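Form predicted on its own, single chain, as structure tokens, below.
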């Protein structure tokens, strides 16, 4: 048997409840939650969809780490919280004590909780909309089509793997202290579209200027927590740093362009 310690919430009422689940080989945390919902407490609320780490719906905090419940094996995390010297440091301790063979399950941090493990994702999607996650290619199609070199394709692919699960946002300390901070997912998407050769030059500059502020690129603490928790190996921090390096280059280009135009 394995015991799930689940943080419950209904309105302003918050409590932790434990459930004993029959531990079967290769059981995922999502399957364990289904066991609870179907046999022990039908009122337990959580999100899921594909069950195959594609949709990102089942993101939650498992043993204080943002993860996808569908791909997290019970066997790999049931004793994890006992190794506090590794996870929490020599002096720190988890807020909620967890016994042996117990898994602590909580809603994703940095989001408002609707009920139990279900969080409100609307603000997260609003942040994504701010960076305009689409290509502004213009009306004219280049002769031969919009071709992309293998090198550029590889650069972009790192960021297209994002499934918008928001584990990165849940792990981000900057998002925790500033709700207007765009967050790792949105800033990684901004770089993905900046890199796309189909994007017009003026739109590239506008895209970069839109995130050139404290709620954007400069709000990042560069602690790589988003990289550590991403289930698809997306590297938002590298994208953020790349955009920071690109900003002065674009400013220099503008100066030269103005100088050239004045000469003409």
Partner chain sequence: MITHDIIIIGGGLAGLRAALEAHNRGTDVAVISKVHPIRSHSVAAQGGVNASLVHDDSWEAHALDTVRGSDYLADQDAVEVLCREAPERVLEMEHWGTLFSRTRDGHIAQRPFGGAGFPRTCYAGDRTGHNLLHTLHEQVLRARIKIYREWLVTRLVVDGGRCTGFIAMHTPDSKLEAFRAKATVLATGGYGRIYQRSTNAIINRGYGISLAYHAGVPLQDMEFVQFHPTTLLGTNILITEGARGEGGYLYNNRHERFMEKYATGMMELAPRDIVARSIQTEVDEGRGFDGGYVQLDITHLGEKKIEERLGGIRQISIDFAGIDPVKEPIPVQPGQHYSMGGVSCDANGATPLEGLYAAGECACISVHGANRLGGNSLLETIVFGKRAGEHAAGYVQETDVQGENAHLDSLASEEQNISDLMGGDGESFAVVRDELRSVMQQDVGVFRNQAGLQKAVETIRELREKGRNVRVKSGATSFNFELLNAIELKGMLELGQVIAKGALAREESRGAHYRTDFLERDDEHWLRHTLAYQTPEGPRLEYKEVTITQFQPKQREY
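Positions refer to the first chain, counted from 1. Since the model is a prediction, treat every value here as computed from it, not as a measurement.
Omitted here: the form predicted together with the partner chain. The next part is about that form.
Interface segment, criterion being heavy atoms within 4.5 Å of the partner chain in the predicted bound form, picked from 125-133, 104-112, 167-175, 180-188: That would be 125-133.
Contact of residue 77 with the partner chain in the predicted bound form (heavy atom, 4.5 Å): Residue 77 lies outside the contact set for the partner chain.
Contact label in the predicted bound form: residue 225 to the partner chain, heavy atom within 4.5 Å: No - in the predicted bound form, heavy atoms of residue 225 and the partner chain never come within 4.5 Å of each other.
Proximity of residue 206 to the partner chain in the predicted bound form, heavy atoms at 4.5 Å: Taking the distances in the predicted bound form, the answer for residue 206 is no, it never comes within 4.5 Å of the partner chain.
Residue 49, heavy atom within 4.5 angstroms of the partner chain in the predicted bound form: Judged by the heavy-atom cut-off of 4.5 Å, residue 49 is in contact with the partner chain in the predicted bound form.
Partner contacts for 15-46, taking the partner chain in the predicted bound form and a 4.5 Å heavy atom cut-off: Result: 26, 30, 34, 37, 38, 42, 43, 45, 46.
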